[in-house]
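Just the one chain here, the form predicted on its own, laid out as structure tokens.
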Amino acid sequence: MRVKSVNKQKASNYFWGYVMSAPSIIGLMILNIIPFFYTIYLSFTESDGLSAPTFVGVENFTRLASDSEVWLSVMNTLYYTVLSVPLGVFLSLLFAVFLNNKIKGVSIYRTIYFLPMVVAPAAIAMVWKWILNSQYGILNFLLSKLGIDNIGWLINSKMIIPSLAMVTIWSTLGYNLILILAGLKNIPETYYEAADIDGANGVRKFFHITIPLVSPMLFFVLITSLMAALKQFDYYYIMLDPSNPAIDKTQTILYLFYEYAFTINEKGYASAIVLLAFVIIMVFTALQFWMQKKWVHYE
């Protein structure tokens, strides 16, 4: 009798578990899983989005392999990632360590750093677009007071990627900082007290206590920052005018995907491009998980 009651309770738990998780599973299927497999299907077709797709085999992938525009966009994406991720994570760690100290007005500083995260990315992009404008932007105005000529932050092909990386670092600094700060707060004070007794200085405590114990949070920040950088699209779309002559030399792979999917209307080829972006992200994510065994320390 008792066994039947336990089984009935277990069945009821399973039933309500499936019922409660059903909305998330259905949403995941509709918004992620089905579109992913449909994208794979489209990559083997020629489609303009209006008429029925025509199967063309691997033609899109052979075209992609020899398309210099695609590989330039891949290099641009990697360049943008190299500029924005390491420096962004380093600055987040630096400011988090600073705010972890007992300083006057620390709550105000934390609020100021976190403010960009509560602002919509489109608003951030529009403000920075004005700041970086080569004709009437405030940054060039301030530089002109120092005797520096106008810089084409968003029109010079050599300056566009560093400029957008700078905006990304500024906008994500607060979020990453708060995550790392949470990791720092979880480090027991006893480790530092023991190090003080042994005569360790601040540098040794930082590299031998702080970094190892905050490494799981650093790994999380690093992997999410890397994935976001490899998927960069919104700042390019909002801050760069489509008529900008430098955009062809600086576009990222997801911006190129957008161009082929919604401007040129070659959805089959666009699907092949976005699948290449997916593979690149998967490779870098797998590499990070493999490398984290060597530097991330879990207590």
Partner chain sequence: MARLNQKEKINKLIIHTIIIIGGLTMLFPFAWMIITALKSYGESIMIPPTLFPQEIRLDNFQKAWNALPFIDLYTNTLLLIFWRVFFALVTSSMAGYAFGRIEFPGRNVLFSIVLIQMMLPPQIFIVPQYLMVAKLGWLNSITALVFPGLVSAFGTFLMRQFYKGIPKDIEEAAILDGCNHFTIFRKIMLPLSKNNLVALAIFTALFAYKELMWPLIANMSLEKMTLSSAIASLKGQYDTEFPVVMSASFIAMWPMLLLYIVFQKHFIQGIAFTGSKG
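Residue numbers count along the first chain shown, from 1. Owing to the predicted nature of the structure, the values given are computational and were not obtained by experimental measurement. Rigid core here is just the name for the largest C-alpha set that superposes within 1.5 Å across the two forms.
Quick note: we don't show the form predicted in complex with its partner chain, though the next part is all about it.
Region of this chain that lies against its partner chain in the model of the complex, out of 70-78, 151-159, 90-98, 192-200 [heavy atom, 4.5 Å]: That would be stretch 90-98.
Non-hydrogen atom within 4.5 angstroms of its partner chain in the model of the complex for each of F36, W130 and L254: The answer is yes; F36, W130 and L254 each reach its partner chain.
Contact flag, L226 vs its partner chain in the model of the complex, heavy atom cut 4.5 Å: Outside the cut-off, so no.
Distance check, P121 to its partner chain in the model of the complex, heavy atom within 4.5 Å: P121 belongs to the contact set for its partner chain.
4.5 Å heavy atom contact, L146 and its partner chain in the model of the complex: No, no contact at 4.5 Å.
Partner proximity in the model of the complex: V283 to its partner chain, non-hydrogen atom cutoff 4.5 Å: No.
Neighbours of its partner chain in the model of the complex among 236-261 [non-hydrogen atom within 4.5 angstroms]: Contacts from 236-261: Y237, I238, L240, D241, P242, L254, F257, Y258, A261.
Threshold 2 Å Cα movement between this form and the one not shown at S21, rigid core reference: Yes; S21 is a residue whose C-alpha shifts (by 2 Å or more) between this form and the one not shown when the cores are overlaid.
Threshold 2 Å Cα movement between this form and the one not shown for K145, core superposed: Indeed, K145 is displaced by 2 Å or more.
Flag for A11, CA shift 2 Å or larger between this form and the one not shown after aligning core: Shift of 2 Å or more: yes.
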